[in-house]
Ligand SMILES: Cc1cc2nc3c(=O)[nH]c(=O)nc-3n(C[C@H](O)[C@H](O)[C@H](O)COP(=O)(O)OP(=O)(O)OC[C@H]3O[C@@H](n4cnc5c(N)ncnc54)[C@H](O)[C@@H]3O)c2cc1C
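In structure tokens, one chain follows: the form predicted alone.
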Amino acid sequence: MPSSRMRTAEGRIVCNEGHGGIFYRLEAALPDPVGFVPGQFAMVSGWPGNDPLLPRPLAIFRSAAGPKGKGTVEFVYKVVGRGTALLSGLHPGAPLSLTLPLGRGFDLGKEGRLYWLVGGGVGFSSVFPAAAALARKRADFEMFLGSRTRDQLPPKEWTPGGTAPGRLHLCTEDGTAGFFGRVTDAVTERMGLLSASEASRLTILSCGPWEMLKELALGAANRGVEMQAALESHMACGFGVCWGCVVALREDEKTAYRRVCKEGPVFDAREVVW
């Protein structure tokens, strides 16, 4: 049985391959299987030396149990700075240091809900695990994936449950695949067609750029739709000690600050000060 208890593990890279010049998929072998809640993440490092000093937070994409009680874990990431650039240059067999699973994931426990999963850019790496979990529960869900162009969409073989009719909605800003426009436009347009009863049973699970999440949150609030947002943030420790990744939340009539790595990264979008 995979353990979901937080721990530090030393793994080895099995695969670290690029896709379309945009995304990398990294698979690592671990001493034992790891369990996680969709939306949780790991702090990952493996480059030689101590520059950069700090590990990088990566959403956990998939995990599995392997032979002889061992396990594997997968991440999908985009090169955005020095740490991820160094990570992309590591080869199979290279050691990897991981602390996982970290943070609070999506709440998928409510019965009778309709879920819309919205991923912008590499944000699909957080919502795809949620889609896989919902598929196992036989829950009612659809996915909206947004990118600038067709080549920046995730490969079809990564998409859980994507073959079901009407379940997957692709959105590209240049119109090369699916809906011609931003994923926020597609979702907002679709929300506008919902009855009050339909809106009341809808939950949006989302991950992507801040402005995308903000626009989705405002649209959801206007329709009375529940929304959970997985926030991205620069992190130092990853487990709540340094308070370097705070976000402002509404608590009653006051503003409180909570740690993305500890109380998040998934938050009720209605509570976030956008």
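Just count from 1 along the sequence shown to find any residue number. Since this is a predicted model, take the numbers as computed values, not measurements.
What comes next is about the form predicted together with this ligand, which is not displayed.
Shown alone here, K78 lies within 4.5 Å of this ligand in the predicted bound form, counting heavy atoms only. Of the heavy atoms in M227, none are within 4.5 Å of this ligand in the predicted bound form. Interface membership of G71, defined by any non-hydrogen atom within 4.5 Å of this ligand in the predicted bound form, is ruled out. Mapping the unseen interface onto this chain, T84 counts among the residues with a heavy atom inside 4.5 Å of this ligand in the predicted bound form.
The candidate site formed by F41, R56 and E232 is fully in contact with this ligand in the predicted bound form, as each residue has a non-hydrogen atom within 4.5 angstroms of it. Stretch 233-241 is the contacting one of 233-241, 63-71, 30-38, 212-220, since its residues have non-hydrogen atoms within 4.5 Å of this ligand in the predicted bound form. Scanning L108, A139, V122, A199 against this ligand in the predicted bound form with a 4.5 Å heavy atom cut-off leaves one residue, V122.
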